[in-house]
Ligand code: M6P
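Starting off, we have a lone chain in the form predicted on its own, written out as structure tokens.
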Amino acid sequence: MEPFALALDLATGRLAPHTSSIVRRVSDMRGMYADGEAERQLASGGDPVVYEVLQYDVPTESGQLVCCTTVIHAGLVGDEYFMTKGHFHEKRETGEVYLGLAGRGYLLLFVDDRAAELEMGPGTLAYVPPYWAHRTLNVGDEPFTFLGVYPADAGHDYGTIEKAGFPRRVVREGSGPVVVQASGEATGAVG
């Protein structure tokens, strides 16, 4: 691997060059949202993009670091904000760092019986410790973008989240975003 430099547009989160990208639409998020009917209606009625990831690939070996940006678009599925699928790392003992670039979002995390919510915006540096599952969401009216850096050999385990879900969700209520237990019980106002 040779040294490299990338251009990062702080306003849009665009990374250039990038060597791979992921685009996830509502239809790619089946089962992630509590309101399955709203999910189905959005998927069949235009299937909007929920989020995009741009990445500069490096060898998936110990010592290498991946740099990527994520853009989560503004939107709702029912009363739940657009979010990423969320994942554990396959190598559970690896951490990750996020740097908020634009917009307003939250980072939801959990491990065992503990959960945390971190507010993110431009300039927020958030640390995802080893072993914690993590998911980001957009609670604003404009795209929420952030830079992520993690070990290239960390891997992604989406399957555990697809089966078990997250213990907490963030929903829009009259006063704004509110954190609720996955069962629907409020845990407190957000932001």
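For clarity, every value in this text was computed on a predicted model and none was experimentally measured. Residue numbers run from 1 along the displayed sequence.
Form predicted together with the ligand: not shown, discussed below.
Stretch from 42-50, 150-158, 137-145, 57-65 whose residues place a heavy atom within 4.5 Å of the ligand in the model of the complex:
Answer to the contact question: 150-158.
Residue 168 versus the ligand, in the model of the complex: is there a non-hydrogen atom within 4.5 Å?
No, no contact at 4.5 Å.
Proximity of residue 98 to the ligand in the model of the complex, heavy atoms at 4.5 Å
Answer yes; at least one heavy atom of residue 98 falls within 4.5 Å of the ligand in the model of the complex.
Please determine whether residue 86 contacts the ligand in the model of the complex, using a 4.5 Å cut-off between heavy atoms.
Yes, residue 86 is a contact residue.
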